[in-house]
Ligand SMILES: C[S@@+](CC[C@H](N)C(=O)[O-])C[C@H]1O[C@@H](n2cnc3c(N)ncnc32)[C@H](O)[C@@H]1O
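In the form predicted on its own, a lone chain appears below as structure tokens.
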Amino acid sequence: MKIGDKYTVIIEDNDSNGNGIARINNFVVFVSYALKDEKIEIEITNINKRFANAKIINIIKPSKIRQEIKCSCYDKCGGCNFLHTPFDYEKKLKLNEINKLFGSNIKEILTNNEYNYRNKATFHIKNNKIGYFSEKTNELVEINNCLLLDKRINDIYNYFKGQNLSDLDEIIIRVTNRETMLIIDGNTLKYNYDDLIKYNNIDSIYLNDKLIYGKAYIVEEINDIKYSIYPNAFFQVNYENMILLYNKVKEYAGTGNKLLDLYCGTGTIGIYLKDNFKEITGIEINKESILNANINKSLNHINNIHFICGDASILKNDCYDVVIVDPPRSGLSSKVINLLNNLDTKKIVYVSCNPKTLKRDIELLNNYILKSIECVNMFNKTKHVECVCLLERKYYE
């Protein structure tokens, strides 16, 4: 087998990334956008020691559940993985993977909106064209209407497609329920934003990290709680499913005296649980996120929460009833795991966007036992999934 070779195969199964699984002389081949039981012609695109990758050349016998693909960039962009499948099948594949990984029996993945959910997008500019970079490359892909984006982001993107962008490098668009922010990188201040502001209801524009128009931050509201969003601060990209996630965190956390919110970002989770605990502490290493968190505290007139800027490993054993951790995809550091194992706390609520590092960390948190796990399809139509777990200290069993 070599790159460029062509074969006719029958797809045996699907993985949780939306790939079809075939075998050629008992060697596993992952086929992008193929479905179980399909008979297809493929071309080998990459070969590793244990498996190969391939693309579809021709579908000889399609699956009964194959859907018409509504995006002309699907095979070029790499941002989506399940546009060719029904939503229920996407959810089934993701749940199967999580249940297999954790030995769980989750019946339903929590989710709302299938499309148009993203409240943030990063567009790159190359040779006066604007679009996404294809997955793992710097090849620019122009789009027409991204099915995952909020309509306002698509409208602003299409506005820029008609402009001279020769002096700009990147445009990030963020929206809340009511407001819109642009974060632009470029080599000039000459660009005229008047029409953009007039026709697209822009509330804030940053150019090269400097505020040049409007408000310093935009505001999102969730269940009467206000959250400020600065240009570089983390905020979940799916508003509706974020509420599902936070409600599950609140359920797992319960009530108590002291709550510790590690990797607290802009304080969103801690503030969401403000009525469940008498005292809340948030720790976050990103200075801009802590600035956001303190503004959020002020916006909501909260007196029982305080935020500390620093690495998660600065946590101290302060008799917390519950600890919430929401780390990056790399998961918890060995130092933080050691500190948590020696922390005298009843429960840890672990929020993760990477099931594999979540599984690793749970096994290393050996003073705790996994009591419950739920999935939130935070990134519908993509290969990613969010999990929230309840861990209880073993001597509280």
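The first residue of the sequence shown is number 1, and the count goes up from there. Every value quoted in this text rests on a predicted model; they were computed, and no experiment measured them.
Keep in mind that the form predicted together with this ligand is missing from the display, and what follows is about it.
Here the chain stands alone, but in the model of the complex its contact with this ligand, taken as any heavy atom within 4.5 Å, falls in 320-328 among 68-76, 134-142, 320-328, 81-89.
In the model of the complex, this ligand sits within 4.5 Å of a heavy atom of D311. For the chain shown alone, I285 is a contact residue for this ligand in the model of the complex, at least one non-hydrogen atom being within 4.5 angstroms. Although the partner is absent from this view, C264 contacts this ligand in the model of the complex, with a non-hydrogen atom inside 4.5 angstroms.
In the model of the complex, F160 stays away from this ligand, with no heavy atom inside 4.5 Å. Among T281, Q236, N296, T176, the residue placing a heavy atom within 4.5 Å of this ligand in the model of the complex is Q236.
I269 is the sole member of I269, M181, I305, L315 with a non-hydrogen atom lying within 4.5 angstroms of this ligand in the model of the complex.
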